[in-house]
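Next up is one chain by itself, shown in structure tokens, the form predicted on its own.
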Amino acid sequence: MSTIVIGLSLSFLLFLLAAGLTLIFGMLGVINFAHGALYMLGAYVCFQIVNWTGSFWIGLLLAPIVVAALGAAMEMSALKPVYERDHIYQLLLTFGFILVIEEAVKIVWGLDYKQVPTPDLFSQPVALFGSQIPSYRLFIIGFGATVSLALFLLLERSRLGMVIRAASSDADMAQTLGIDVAKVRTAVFALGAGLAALGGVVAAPLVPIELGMGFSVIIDCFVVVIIGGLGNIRGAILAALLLGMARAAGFTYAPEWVELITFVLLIATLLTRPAGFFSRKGRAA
């Protein structure tokens, strides 16, 4: 039972991170290399807010907003001028963001790792089907499922989602119909950055907060996005569940094979379904 809970919690944590990455690619066509750095920044900002207020929940609320505002500033100041250029400019630019964010984190918080304590409400394990399960992992499952549902409703059932999809499918036509495409792009990048930070905040009580923490998780995140299909939110959910459960089972029964299994999944996807196992022609996000 604990393997299933760990697998599901890992899956939803991966989804929180991958959702922002695939949203930005699906809507803007930008592969954001700085996504892992934004995840790391979210964890550090949460640490700072918890230090000031003593409340993890305030950090959970405010840290994604702070990073989303930074993401909006990044998009308006740097990304907007290179949308029409070759993708290599966007890749180099987002790589530059990584260097800037890591240097800023080093100056503000130093090189020592930080920790965010588990919230008191979820500090004790609970008995479930004869196993002792960390209650914080149950919180991650419920929270991740709620965010997944909210994203689905936002993109599929709301007027805002319709505007975002229209701007993504045909920016010129959307502009002609009176949609401010530039503002939509800024909002999408800010939302993606906020989701990355949200992943960092949720992960903060589980892992040490340190420089480079984004690099270790961003590889799994890219695997999820590739398996799920670039720009496909529903595919990202299914791919995150597949990868999270595979890694949890691997850590339990064959830990030395976990990384190999992950990369075999990635290579098999690229060889058989380059657009992703869950992609659908003509549909993104």
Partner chain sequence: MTTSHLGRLAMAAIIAAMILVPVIQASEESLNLVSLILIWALFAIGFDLIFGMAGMLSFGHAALFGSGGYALTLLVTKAGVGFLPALGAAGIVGAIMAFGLSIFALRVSGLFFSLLTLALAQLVYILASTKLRNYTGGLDGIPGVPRPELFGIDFYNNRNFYYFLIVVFIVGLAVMALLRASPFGKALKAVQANDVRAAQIGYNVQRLRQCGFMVSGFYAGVSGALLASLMFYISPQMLHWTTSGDVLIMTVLGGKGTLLGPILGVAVFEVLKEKLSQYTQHWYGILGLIFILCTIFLPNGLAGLFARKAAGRPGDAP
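Residue numbers count along the first chain shown, from 1. Note that the coordinates shown come from a computational prediction; the quantities given were computed from them, not determined experimentally.
Beyond the structure shown, there is the form predicted in complex with its partner chain, which is absent from this document and is the topic of what follows.
- Though the partner is left out of this view, residue 159 does not reach within 4.5 Å of its partner chain in the predicted complex, counting heavy atoms only.
- Although the partner is absent from this view, residue 96 contacts its partner chain in the predicted complex, with a non-hydrogen atom inside 4.5 angstroms.
- By the criterion of a heavy atom within 4.5 Å, residue 57 is excluded from the residues contacting its partner chain in the predicted complex.
- In the predicted complex, its partner chain stays beyond 4.5 Å of every heavy atom belonging to residue 143.
- Using a 4.5 angstroms heavy atom cutoff to its partner chain in the predicted complex, none of 15, 83 and 191 count as contacting.
- 31 is the sole member of 62, 31, 69, 249 with a non-hydrogen atom lying within 4.5 angstroms of its partner chain in the predicted complex.
- Shown without its partner, this chain lists 147, 179, 128, 91 as candidates; in the predicted complex, only 91 has a non-hydrogen atom within 4.5 angstroms of its partner chain.
- Here the chain stands by itself, but in the predicted complex one stretch of 75-83, 114-122, 196-204, 166-174, 75-83, has heavy atoms within 4.5 Å of its partner chain.
- Residues of 232-267 placing a heavy atom within 4.5 Å of its partner chain in the predicted complex, in sequence order: 256, 257, 259, 260, 263, 266, 267.
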